[in-house]
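So this first bit is one chain, no partners, the form predicted on its own, shown in C-alpha cells.
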C-alpha cells in the first residue's frame, strides 16, 4: 500500500524530496496529494494550482496518511506536527529547531494517540544517524558522539581556507548555493548544530537537555588571523559539536570551533560534508560521513523515513524512546586558542592558565587552559567584543606540531 502524502513546505528540502519521489516512477513509496505553503506570491518551480494555503485541508483529510513537514518556522511546525500526531497520522519532520525544543512533548502525544514521528532528516543531512544509534548501537555503551553537524559552516570554513575568501564572501557563496539561509544566524552562531546535538544525544544516551543549556560558540567572529594561526600549526578549523559522558554518567554538550590536525577524523572533511564520530565500549571509534546540506541529500533522508514507514510501519525499532530530563555538567579541562581584542579583556577571562600569547594586528592570540564549566562567560565576552575561541586537540601529533609555534610566553 502506497502512502498518500500531505507536504508542508516547498523550499529546498521540500523540492528535493518532491524531485526524488517523482523520479522513482513505479517504485515510489507514495505520492504527494497536496502541498501547503505560507506565501501565496512566492515564485516556485510548479504552477500555482499545485499549492494550497490552509493546513486544515491536509490535516483534516482522512485519506492522507503521511504528513511531511519541512517548513522553516519552529512554532508553526510544532502546531502542524502536534495536530497530525493527535489524528494518528505518520509524521516525518526535518525541523531540528522545533524537535530539539519539543521532542519529549511530541513523544507523549505519539504514545497517547498512536501516530508515528520520524525525523532522520533533522540532523546531518544524508547520514542515517538515528537509525544507526537505535539499531546498531542499541547495546553499544556509547561514551561520546562528536562531529561536524552543519554543512553550511563547513562549506564557509573550507572556502575561507582553500580560496582565501573572507567570511562575508564565503557566507554569500554558501547562500547562493542553497547551503545557508538568507538569515544564516542559526548556522553561523552554532544554534543549528546545537539543536542536532540535543537530538543525537537523546538517542545516544537517553538523556534530554534543553538546547539553551548547550554551551555554544559559532564562527561569526572568525577572522583571517585565526585561519593563519591554524595553518601555521598544520591544522584547519572545524565547527565541532560534542556530547561526552563522564564515568559518573554526567553529560557534557559543547558546540565549539576546533583546531584539527591531519590525525583528526574531521581534517579532510570539506565543503558541505558532515561527519559523526561515535565512541563506544565494544567497537571504539566509528566515523559516518555524508553530505549535510543541500536539497537532494536532505530530501533523500525524508524519503528514507517515508519508505521505511510504508514498508514496516516505522523506519525504526518499535521500542519507544525513553528520555530522562537532565542538566548538563561540564567536567573537562580544555586547551583552547583565543583571539582577544586587547590584553585587559584577556586578563579578565577565567582561564586556568595562559600558556603562551602574542600580540598582532587582530589583538592578542593565546593558548590557554580552561575548565569547561567556565566556558560560558568567556564565550559571551568574546562574542560581544569580536573575539574568537577554538578548542585545541590534545593528541601526540598535535603536541609535536605545537612545539614549532613561536608564541611569546610572557605574562598577560
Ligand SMILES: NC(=O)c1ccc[n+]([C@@H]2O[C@H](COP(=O)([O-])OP(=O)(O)OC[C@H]3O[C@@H](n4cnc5c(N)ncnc54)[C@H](OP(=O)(O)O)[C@@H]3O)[C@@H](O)[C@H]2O)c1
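Residue numbers count along the first chain shown, from 1. Please read these numbers as outputs of a predicted model, since none were measured by experiment.
Beyond the structure shown, there is the form predicted together with this ligand, which is absent from this document and is the topic of what follows.
>> Does this ligand, in the predicted bound form, lie within 4.5 angstroms of each residue among 82, 108 and 211, using heavy atoms as the measure?
In response: Not one of the three qualifies.
>> Please pick out the stretch from 94-102, 108-116, 243-251, 202-210 that is in contact with this ligand in the predicted bound form, where contact means heavy atoms within 4.5 Å.
In response: Heavy-atom contact with the partner occurs in 94-102.
>> So this ligand isn't shown here. In the predicted bound form, which residue out of 294, 128, 328, 257 has a non-hydrogen atom within 4.5 Å of it?
In response: Flagged contact: 294.
> Considering this ligand in the predicted bound form, which of 219, 121, 197, 276 comes within 4.5 Å of it through any heavy atom?
Replying inline: By the 4.5 Å heavy-atom cutoff, the listed residue in contact is 121.
>> Is residue 71 part of the interface with this ligand in the predicted bound form - any heavy atom within 4.5 Å?
In response: Yes, residue 71 sits close enough to this ligand in the predicted bound form that at least one of its heavy atoms falls within 4.5 Å.
> Could you tell me if residue 37 has a non-hydrogen atom within 4.5 Å of this ligand in the predicted bound form?
Replying inline: Yes, residue 37 is a contact residue.
> Any of the heavy atoms of residue 178 lying within 4.5 Å of this ligand in the predicted bound form?
Replying inline: Yes, residue 178 lies within 4.5 Å of this ligand in the predicted bound form.
>> residue 391 versus this ligand, in the predicted bound form: is there a non-hydrogen atom within 4.5 Å?
In response: Contact check for residue 391: no, nothing within 4.5 Å of this ligand in the predicted bound form.
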